[in-house]
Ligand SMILES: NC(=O)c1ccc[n+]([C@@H]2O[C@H](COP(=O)([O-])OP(=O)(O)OC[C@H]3O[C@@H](n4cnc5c(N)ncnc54)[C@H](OP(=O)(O)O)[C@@H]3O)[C@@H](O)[C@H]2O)c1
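Coming up is one lone chain in structure tokens, specifically the form predicted on its own.
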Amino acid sequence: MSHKEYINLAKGESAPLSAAVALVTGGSRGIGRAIALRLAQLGASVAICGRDALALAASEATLRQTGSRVFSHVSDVSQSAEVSSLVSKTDAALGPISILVNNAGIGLFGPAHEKSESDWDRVLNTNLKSVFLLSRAVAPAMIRSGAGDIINISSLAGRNAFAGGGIYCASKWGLQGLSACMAEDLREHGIRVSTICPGSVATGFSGRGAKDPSKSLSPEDVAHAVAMIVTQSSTSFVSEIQLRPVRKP
């Protein structure tokens, strides 16, 4: 479904998230952009961040067509100072963050023993450290309000090993553990921490090769899972969603 079709579809929907402020990392393209658009269609005010200023501006323009309030900021979410700036500027522009979607991620594949220390740092800092930094930054305000959703976009690679996946799988297995422990730490404050683990998704993500769209998930499939989490009853908690294409790649 195109972005235009999604916007047209939204015209007939209610706005269950009209009081929510969502921050989606890696929101300039692919899965992050689809998630941000879906949340905006549900009425949320949406902030997005990314490293590519041009792509971020294009996504912001699309989001504004939904009629929701939008804020975008160029940020490297693996850097503590930039995360602090992003959260404070989002708060000033839209209000306290009630939905955090940690989506920013990169893929780097090949035998771990052939990779460099900088390869390790780049993947772990983007895929895992950023989740720690962002979640730590937004948790205090969520605790004060007694509610919130932190949704971490993981991967089936966080549950399955494969040749050439050493560094990437390490980042996603670590994310699974971090998310599960955060969920236990924060649930007594009314905060839900969930993971979504997609299989192969047809995006420009630097994965293990070209994907057959007919045997892949779409970014909108992941966005649908996010929407399900944030619109569930306040008394229920979907801790993990695993998504797979119907047809095996």
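A residue's number is simply how far along the shown sequence it sits, counting from 1. Quantities reported herein were computed from a predicted structural model and do not represent experimental measurements.
Although not depicted, the form predicted in complex with the named molecule is the subject of the following passage.
- Contact with the named molecule in the predicted bound form, defined as any heavy atom within 4.5 Å, is confined among 111-119, 159-167, 143-151, 98-106 to 98-106.
- The partner is absent here; in the predicted bound form, the one residue of Ser194, Gln41, Ser200, Ser45 having a heavy atom within 4.5 Å of the named molecule is Ser200.
- The shortest heavy atom separation between Arg29 and the named molecule in the predicted bound form is within 4.5 Å.
- Contact check for Ser72: no non-hydrogen atom falls within 4.5 Å of the named molecule in the predicted bound form.
- By the criterion of a heavy atom within 4.5 Å, Thr126 is counted among the residues contacting the named molecule in the predicted bound form.
- In the predicted bound form, the named molecule stays beyond 4.5 Å of every heavy atom belonging to His224.
- Residues of 63-96 that come within 4.5 Å of the named molecule in the predicted bound form, judged by any heavy atom, are Ser75, Asp76, Val77, Ser78 in sequence order.
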